[in-house]
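Shown next as structure tokens: one chain only, the form predicted alone.
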């Protein structure tokens, strides 16, 4: 187990170094940071002085080493547009993104697994046909179109839910949350549903396919022959083995939700990290763009590491193979 975790950690470090190299390259090939910070009316002497202060005249490998050292400490410089530390900007927007991501992941997981099991146990029911046909919406329609459609129905026509913003929030020290207010919860509903639809459809179809496959296995027939109840067979044997690949997909999708909530945050004007990145791209705010890239990579690396460990714990075959390989 320890050797398995150490191998995954080493792989994660290599991935983060590669992403850091890409993020560092943005400073050299996406505009001039000195020109962005001083403006067009500054003198050449001021440019040279600032370049010397920022260490831009140093060799490239030294600049990259300094960038890595600052990134490890959570220091990504100053935003060109807002003249505010990038880390402070990201942490101020992070609670909104995390709450949206976890709310959408919870919706996708609960309804995806539930509907997947239901459609697998009743493959010929008319309700299964309706659910499978409706699930095509989550796969085929783009996220921004789903969001606009929900806004039109529930905000414009029915006037039931707000169409933008995060609503009223409560400050809990360094964390701000809208989960403790009515307006915050109402504002979360539409973007969370929009962001969860694709993941919900993917999980539902995966659970259904795996459940149907597991129900055909010999040990399920043996369990029926032993006289076990259908409930025990479906949920104690079939579902347990079905969830092994679902853990992997769910973990990867959670990373995708956090990383690619940009479209949903833009449509609903959700004040998260994704909307901050979009605004930074528009004005070529390189420090924020680089920090966001590293943040996304870190999210994927950490979630993948957790998923690999859970997969190792849940699936005993991996432990057997590891012991056999060690011998």
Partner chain sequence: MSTTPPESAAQIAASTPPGWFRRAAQSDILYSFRRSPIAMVAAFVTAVLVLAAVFAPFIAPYNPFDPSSLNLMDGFTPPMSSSFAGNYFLLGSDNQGRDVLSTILYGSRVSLFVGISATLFALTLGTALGLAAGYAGGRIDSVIMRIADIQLSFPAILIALLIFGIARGIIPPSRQEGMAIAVLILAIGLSNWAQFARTVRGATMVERQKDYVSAARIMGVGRFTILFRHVLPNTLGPVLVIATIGLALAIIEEATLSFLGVGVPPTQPSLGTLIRIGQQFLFSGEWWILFFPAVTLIALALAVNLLGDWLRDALNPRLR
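What you are looking at is a predicted structure, and each value in this text was computed from that prediction instead of being measured. Take the two forms, superpose them, and find the largest set of C-alpha atoms that agree within 1.5 Å; that set is the rigid core. Residue numbers count along the first chain shown, from 1.
Here the subject shifts to the form predicted in complex with the partner chain, a form of this protein not shown in this document.
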* **Among 129-137, 189-197, 168-176, 88-96, the region lying within 4.5 Å of the partner chain in the predicted complex by heavy atom distance** => 129-137
* Structure fact -> Answer key, the partner chain contact in the predicted complex at 4.5 Å (heavy atoms) among 113, 107, 151, 120: the residue is 151
* **60, 64 and 70 all contacting the partner chain in the predicted complex, non-hydrogen atom within 4.5 Å** => no
* Could you tell me if residue 263 has a non-hydrogen atom within 4.5 Å of the partner chain in the predicted complex? -> yes
* To do: Check whether residue 144 has any heavy atom within 4.5 Å of a heavy atom of the partner chain in the predicted complex, and answer yes or no.
  => yes
* Can residue 256 be called a contact residue for the partner chain in the predicted complex at 4.5 Å between heavy atoms? -> yes
* Counting only non-hydrogen atoms and a 4.5 angstroms cut-off, does residue 306 reach the partner chain in the predicted complex? -> no
* Structure fact -> Checked 7-22 against the partner chain in the predicted complex; residues with a heavy atom within 4.5 Å, sequence order, are 11, 15, 18
* To do: Superpose on the rigid core, then tell me if the C-alpha of residue 186 is displaced by 2 angstroms or more between this form and the one not shown.
  => no
* Asked: After superposition on the rigid core, does the Cα atom of residue 225 shift by at least 2 Å between this form and the one not shown?
  -> yes
* Would you say whether residue 130 is displaced between this form and the one not shown, judging by a C-alpha shift of 2 Å or more on the superposed rigid core? => yes
